[in-house]
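Structure 1 and structure 2 below are the same protein chain in two forms, each given by itself as structure tokens.
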Structure 1
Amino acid sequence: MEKNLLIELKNITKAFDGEPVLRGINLDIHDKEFITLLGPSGCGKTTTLRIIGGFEDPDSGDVFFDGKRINDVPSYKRNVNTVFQRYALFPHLNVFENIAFGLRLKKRPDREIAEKVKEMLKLVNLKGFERRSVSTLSGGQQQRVAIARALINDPEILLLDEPLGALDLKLRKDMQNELKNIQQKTGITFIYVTHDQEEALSMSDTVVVMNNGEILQIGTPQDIYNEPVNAFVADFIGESNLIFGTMLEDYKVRFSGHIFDCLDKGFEPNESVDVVVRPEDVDIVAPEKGMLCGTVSNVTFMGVHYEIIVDINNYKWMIQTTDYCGEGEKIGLYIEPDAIHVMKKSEYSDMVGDYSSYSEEHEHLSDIVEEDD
């Protein structure tokens, strides 16, 4: 189902103080799409969003809106509204006036404004909050006001810059569902920026994975997860075992000393490749029946499943399973052909290791405080 092209970014570059932030971004955004720009801090996703919103000018390249070049159109003339990272509500106005702000500027009649604000408050589940001062609202409530304030202007595109970043986990999950519902109800194109891959996968129609000012992959959440283009995407999206391998011929790949059947083709004979096997796609069997064989070195109970680290020829794999294995136990691994994904070598191939530093990595990740880039 091909939809209308709404936004086109053509070869956008941008540098701050000589430091390149965007290196040639090309992106098409379609009508009614929920598209997410996903990447680690500093990858240029927020800058891309700000260029669409008109808050930054690209150094080179063009932005098209409905086929018209809008590089020189200031943000207040663009039919685009933004939900900012820390909401940026007006502290001198109450909830009603914050939401009514855009319509007041357009000098709409009071009655229409009152009606639309009421409608918006209902949409974001804040009925009866009209007279409240925004400083008395919780983070989640402020977020809803920010969304209502943007949506009341009937934008063609809503830009959301890590809107849930400041909320706690449970509230974030609720708001994710709510945002998705609002997007489907209103049919407005959402361009969503996040560093949270789970959020990106669960909400989006299209995910754009970015790193270091470049777009690495554009696709549906399923594509991105099941068919990552390179080691970086595979590593960034979900958990994955990344192994160096050799593509012997079409549908035959060798890694960890075993030759596997797979579904990939189109490589040179004996080409070096990166192989991804998702932890949930590995079956545990008896050692003598396994394609690979290893020793369990670590078991973590995660609630729904166990996460076990298996040492195979000194390379640590992660496997998610509902069957319990004891530490030190010898197990066999069975991998179906469709569980194997083969990727071309890339600049990221060497940056990704095995799970030997798994626990430290986890602690490290939880320490990172995300700032906007």
Structure 2
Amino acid sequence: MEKNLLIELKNITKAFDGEPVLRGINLDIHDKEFITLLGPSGCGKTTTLRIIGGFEDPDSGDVFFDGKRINDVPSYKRNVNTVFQRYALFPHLNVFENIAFGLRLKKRPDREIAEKVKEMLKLVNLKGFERRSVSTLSGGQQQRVAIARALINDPEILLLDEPLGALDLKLRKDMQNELKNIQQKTGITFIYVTHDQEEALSMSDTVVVMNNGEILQIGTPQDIYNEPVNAFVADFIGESNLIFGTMLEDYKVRFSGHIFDCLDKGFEPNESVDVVVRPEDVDIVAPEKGMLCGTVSNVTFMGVHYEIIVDINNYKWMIQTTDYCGEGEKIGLYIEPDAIHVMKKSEYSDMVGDYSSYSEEHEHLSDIVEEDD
């Protein structure tokens, strides 16, 4: 079912001290959508969020809300609330009063406030915490109070700027699930900013990958992971083996000295391309049965699987497998056509290397450990 278009950003530009931060951003955000702006530090994702919230003005371009241009509408008049990485709770107020703060400002009746706070506490799993001092709460509990305080005003949109950045790994995972559940229960549009790819993939309906003030790709988490548009997206989202190749014809690509069947088409004959093969999509076989052969240079146990670095014609590949291989072992690699994704050359093609630095780092770390022993 088609969701209603809620926000439109049209040709948004922004510079700070003459340095461009946003370079013509165009983005549609739909009602009830969980959309994540993902990218490295300085890519423009937080500035985009702040322009939507009315905390920054674009240098050029337009922001539309429900079809109306809102460039000149101040932040407090936009039906938007924000949750920051620093929760900015009021230390002198208890949990109840922190959550009730927005309704108190609006001079709502006490009975309505009590009912709404009770509803919010249930939503964020803090029932029974009403009288607690916020200073006695854990980071995850404080985060939930901040979310409840933002949601109690019934915003159409909730902006979340790296809200889980201060939490430890396990708590982050718990809160990722919590936020997705809250978004689905409330039906509020969530616009989320993070540099954490796993967070973006696990929570979002739509992921917007940004770099250098530009949007590189918009799609579902599955699209972004399985069909990256260029080397930057492939490298930024998860682990990737990125190899230079040649598209011989439709469904035939040559890389690493072998011709592979693939599912890609629409390239020029013999066009130079970038090829991505995810580490989990490679099967290890006996050397004589492999399409490619190489020597294992590094093995790291990751709990559920091993990360194996394989030297193939002086190019280091990463393979993720549950099968153990020892260092120095010769192995064959078998790659199915649907494990190969072919991309057009881009400005990012030469920025990505192999996994030689990965194995060198591990060797360096093991040297340090031995010295400490």
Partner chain sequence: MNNSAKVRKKVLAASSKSTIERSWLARIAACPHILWSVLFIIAPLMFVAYFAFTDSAGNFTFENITNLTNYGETFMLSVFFSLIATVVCIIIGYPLAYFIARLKPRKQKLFILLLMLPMWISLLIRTYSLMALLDNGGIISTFLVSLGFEKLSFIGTGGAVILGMVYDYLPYMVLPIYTTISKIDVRCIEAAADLGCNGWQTVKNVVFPLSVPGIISGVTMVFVPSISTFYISQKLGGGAFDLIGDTIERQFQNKLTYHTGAAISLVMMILILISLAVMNRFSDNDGGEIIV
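These numbers were taken from a predicted model, which means no experiment stands behind them. Rigid core: the largest C-alpha set superposing within 1.5 Å between the two forms. Every residue number counts along structure 1's sequence, beginning with 1.
**Q** Which number goes with the form predicted on its own?
**A** Of the two, structure 2 is the form predicted on its own.
**Q** Is the C-alpha displacement of Val73 equal to or greater than 2 Å between structures 1 and 2 once the rigid core has been superposed?
**A** The answer is no, as the C-alpha of Val73 shifts between structures 1 and 2 by less than 2 Å after core alignment.
**Q** Is it true that Asn94 shifts between structures 1 and 2 by 2 Å or more at the Cα, once the core is aligned?
**A** Indeed, Asn94 is displaced by 2 Å or more.
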